[in-house]
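Here's a solo chain for you in structure tokens, the form predicted alone.
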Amino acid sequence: MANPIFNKDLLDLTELSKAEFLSILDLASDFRANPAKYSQALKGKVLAMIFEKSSTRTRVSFESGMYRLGGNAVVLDAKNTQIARGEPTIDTANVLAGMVDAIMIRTFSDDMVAELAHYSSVPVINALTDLHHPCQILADFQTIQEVHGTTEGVKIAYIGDGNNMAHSYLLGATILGMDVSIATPAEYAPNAEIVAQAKKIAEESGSVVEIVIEPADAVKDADFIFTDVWASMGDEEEFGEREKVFAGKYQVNSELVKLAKDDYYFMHCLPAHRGEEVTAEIIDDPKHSLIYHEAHNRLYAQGALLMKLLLEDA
């Protein structure tokens, strides 16, 4: 039976209240600190993992996370399933729901994920779509809480493409009451509806939301600096065009980080392109870069999410 304080699914971060969000982060950190305590938490549970997009961190973190919690994962490459042959989502959802305890999907269309969740009687987790990447933000904000001690009073800055990461930072930060500043070229700005959604949430949480053109404006006094590749999955053919817009300006480098707080941290969801969106000296800086800490936290944050969705008393 699912935890009654949680919605059945996690399609985007707006389905979490602040209390629910923080409870996942707290459980994730405890799972990281005390893995043996949770070694049988999901014993007998099975997670179906559907991939229409390539993956390293998502696949390994979910699969390893289920194993470390005593459960199992079944990996489905969408192109080798009946999905690729046009099986209706209603049939996929109902068949899988009778065989597994939860479904994770990494795909392009948010509508497809919503349809899957609509027909599924077991929890559905969005493991990345064109508009959202909620699981990455759970891991990132777990990392913020672990290194900063709290998410209160934090300013995050994001530099680059107004993609699914920018959207999820906007929503996650405002839910938790953190200030968030996004710097993107005007033609690659975040989705206007999601920006409006974040600003509405910020009215209640007290967050400051900024969408700016100049990276220097975003990074000023930031505690955490984020970036992502200039061309996300599915946009690779646009790289040449995008490079002309982003190169030389939308890069996290030694000059830009001088505008942040002295004890700033750098984060990146990976994979990264050193010399493009970030210089090697920044991403590989052992004092300020948290890229591996946050990557490892994917396992713990997603494990915590699965426990919250599948266990009544988690």
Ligand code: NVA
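What you see is a predicted model, and the numbers here were worked out from it, not measured in a lab. All residue numbers refer to positions in the sequence shown, first residue = 1.
The same protein also has a form predicted in complex with norvaline (NVA), omitted here; what follows describes it.
The stretch among 182 to 190, 207 to 215, 84 to 92, 158 to 166 whose residues place heavy atoms within 4.5 Å of norvaline (NVA) in the predicted bound form is 158 to 166.
In the predicted bound form, every residue of the candidate spot (128, 228 and 233) has a heavy atom lying within 4.5 Å of norvaline (NVA).
Proximity of residue 49 to norvaline (NVA) in the predicted bound form falls outside the 4.5 Å heavy atom cutoff.
Contact check for residue 257: every heavy atom lies farther than 4.5 Å from norvaline (NVA) in the predicted bound form. Contact annotation for residue 270: at least one heavy atom lies within 4.5 Å of norvaline (NVA) in the predicted bound form. Contacts of stretch 131 to 147 with norvaline (NVA) in the predicted bound form, defined by any heavy atom lying within 4.5 Å, are made by 133 alone.
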